[in-house]
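In structure tokens, the next block holds one chain alone, the form predicted alone.
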Amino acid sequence: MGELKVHRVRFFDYMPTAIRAMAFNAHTERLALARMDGSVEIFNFTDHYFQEKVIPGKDSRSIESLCWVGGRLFSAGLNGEIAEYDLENLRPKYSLEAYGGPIWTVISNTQGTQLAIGCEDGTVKLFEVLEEHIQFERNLDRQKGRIISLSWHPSGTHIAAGMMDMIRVFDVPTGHAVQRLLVDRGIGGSKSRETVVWSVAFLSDHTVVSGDSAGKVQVWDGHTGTLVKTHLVTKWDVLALSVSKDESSVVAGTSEGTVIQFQFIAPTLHQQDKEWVRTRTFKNHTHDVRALAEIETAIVSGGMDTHLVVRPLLEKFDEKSHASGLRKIHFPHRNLVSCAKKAGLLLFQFPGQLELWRLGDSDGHGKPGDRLPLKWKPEKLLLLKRKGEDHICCSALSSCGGWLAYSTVSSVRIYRLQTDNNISITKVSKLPKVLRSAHQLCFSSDSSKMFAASSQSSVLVIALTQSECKYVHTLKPKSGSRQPIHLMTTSVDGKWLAAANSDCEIHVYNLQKLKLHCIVPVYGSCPSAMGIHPTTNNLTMVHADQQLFEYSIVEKQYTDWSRKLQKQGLHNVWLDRDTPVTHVTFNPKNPNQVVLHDMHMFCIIDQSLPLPDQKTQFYNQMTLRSLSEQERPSHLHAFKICKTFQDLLCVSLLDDQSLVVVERPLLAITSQLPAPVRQKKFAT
């Protein structure tokens, strides 16, 4: 590709919110994660931890706890409501007032027939899970003080409830409290403060494990109500507990950012009797660990420092592999940046607003790596705040910079922009009635049409003119999939539209005939990024497992280059990357080059060069620089990796052949977090 002028953008102040709760579905291997802004994210742990779905937040929504019942997801929060989510349309299906004040926790029995919630007014309320909704059943004995945490015994006959200074055990059939376990307060000055039992776990043998604000993990005999053992693990709070499926391990998350594992083992080699022993401490967080899930092969944790950590348990692996590596998920697996390639504009998406920026420019020249003097600085042209309480779920900017659109779960808004001299924005007042909300939005290359991903994997085609927006057609897949579309891309000539959904299906539509052209052969991993080549109209797809395919839309088959790549196989260094590719773009001046990026690097794939085999040095840029012009060709291969820029949110190529790189340094995110609890460090 040669030398490129790079716009290094660091003025997108993306700030994720803290992780508040999580729930793991062992049957589907999906992790649901709730954040402080009320949004819910679904990760597919069988597909390289890919962020499959995002349900946008809402100002009035508060989520304290999540719970799976089969394939259904429920949440409860301090607004006093229980909500069930529509995982096909990515919105709350309904919400139900519990009439018990703020709700601190929600759990289900192992049979999936009942939900229990813990309320501020001291009640544990039971709800029956019906086919389409839930229905209030009854209250258990009311207590003095709020119910902070709950755990259902696997048999479904008893519930343990964590409160202030105590744990109550309820007999579910009668609704009466049968045990009261008194929790000691902390030592010293903390004796005057009530102890909050933040988390409880009820095991099959009637052992109750608790974590509290005095920094203790305690083990109780649920039959007799007696304390068996106390582990003082921190001076601060133990906020979360999680139990392994076989109940041989319990993990605890603390305010210090540590995750501590306890195992039910014999404490010495010659001892037969087993007990709960503290075995390991993990330090992968800087702030409170608010949510935990111990799954079959790993411990999953999240909290105030906003990132999700998957910590593999090495004893579950026979050998070191990609799956046994520590994984941190910092950024969403979606695009939050739209680029107007012709106009040199960037649109940044926040939950509550959109920012439109004009890139700076320089007419200077220099050597590779030089910082060029700016002719004009980047300029914020527009700050557009959303209407209503619902957060923005998707947005788009046309390539000419003349149209802007965004959607929430309740409405779509389209604006006409003028950015030449005086900035002006005009809302399009009359929209087609079918355009109620969208999972994804995109514009055609000539800005004459807008495409909105609607329900059941359908796409609405909207014609745009200076004065109005007109509904044209609904493109529907033949597969009958009800899963939401998470990726859309159009061809430069305006003839093709490709749409990918969570069922791993990619449908290609002919926009001239307004009908389905073909379905790309379904691959078992979800597409994470795709793009249509501007000259060949080949569809390039990258999947969550890092596999790369090129598909000829015209010929309805994989290209020769793609078949050669799959036959030879991708380099292990490429496959071992732990963040998915989130954007694909092309070099219109060189049809052989494809540009794509993940969080840590961007890559230029040159299809005219040989593919690297497993013996080839994959990261070879430094080696090439040290070689002479004669020696260099023998070391070249198709994958050119650049790691100069880090923590990438977007990499795109403008029509003037300059590269836009949007970075969000993790240190900038960390610097905006509240201060962590003070910890004693060596020599301080």
Partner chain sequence: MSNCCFTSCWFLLCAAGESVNVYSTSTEEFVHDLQGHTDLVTGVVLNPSNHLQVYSCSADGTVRLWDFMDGILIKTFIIGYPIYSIYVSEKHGGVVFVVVPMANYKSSELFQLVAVHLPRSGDQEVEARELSAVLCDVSPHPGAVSFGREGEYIAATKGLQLEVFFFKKQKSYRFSLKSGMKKGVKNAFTCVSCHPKEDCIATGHADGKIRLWRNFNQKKEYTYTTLHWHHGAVNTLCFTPEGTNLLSGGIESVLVHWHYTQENQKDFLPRLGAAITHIAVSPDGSLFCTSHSDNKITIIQSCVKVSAIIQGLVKGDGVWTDLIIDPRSKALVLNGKPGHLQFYSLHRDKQLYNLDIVQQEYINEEGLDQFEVVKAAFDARGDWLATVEERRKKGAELEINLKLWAYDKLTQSFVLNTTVTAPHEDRITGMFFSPSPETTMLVTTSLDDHFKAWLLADHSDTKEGFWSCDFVGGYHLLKPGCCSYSADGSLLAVGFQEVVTVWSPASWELLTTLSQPPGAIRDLCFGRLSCSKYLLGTSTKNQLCCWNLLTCSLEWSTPMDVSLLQADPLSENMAAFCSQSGSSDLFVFKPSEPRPLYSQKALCTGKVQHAVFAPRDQMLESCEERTQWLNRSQLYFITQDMDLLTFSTKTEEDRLLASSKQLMVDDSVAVTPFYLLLGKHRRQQLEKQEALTNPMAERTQLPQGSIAIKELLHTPAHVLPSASFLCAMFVRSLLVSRSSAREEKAEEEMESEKEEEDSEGEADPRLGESAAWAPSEEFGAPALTKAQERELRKVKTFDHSWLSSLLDS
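Residue numbers count along the first chain shown, from 1. Fair warning: this is a prediction, and the values are worked out from it, not measured in the lab.
Heads up, the form predicted together with its partner chain isn't pictured, but that's what we're talking about next.
Only one of 117-125, 265-273, 443-451, 500-508 places residue heavy atoms within 4.5 angstroms of its partner chain in the predicted complex, namely 265-273.
Only one of Tyr523, Tyr471, Trp561, Phe317 comes within 4.5 Å of its partner chain in the predicted complex through a heavy atom, and that residue is Phe317.
The partner is absent here; in the predicted complex, the one residue of Lys495, Arg577, Arg185, Arg280 having a heavy atom within 4.5 Å of its partner chain is Arg280. At the 4.5 Å threshold, heavy atoms of Lys229 reach its partner chain in the predicted complex. At a distance threshold of 4.5 angstroms between non-hydrogen atoms, Val233 is in contact with its partner chain in the predicted complex.
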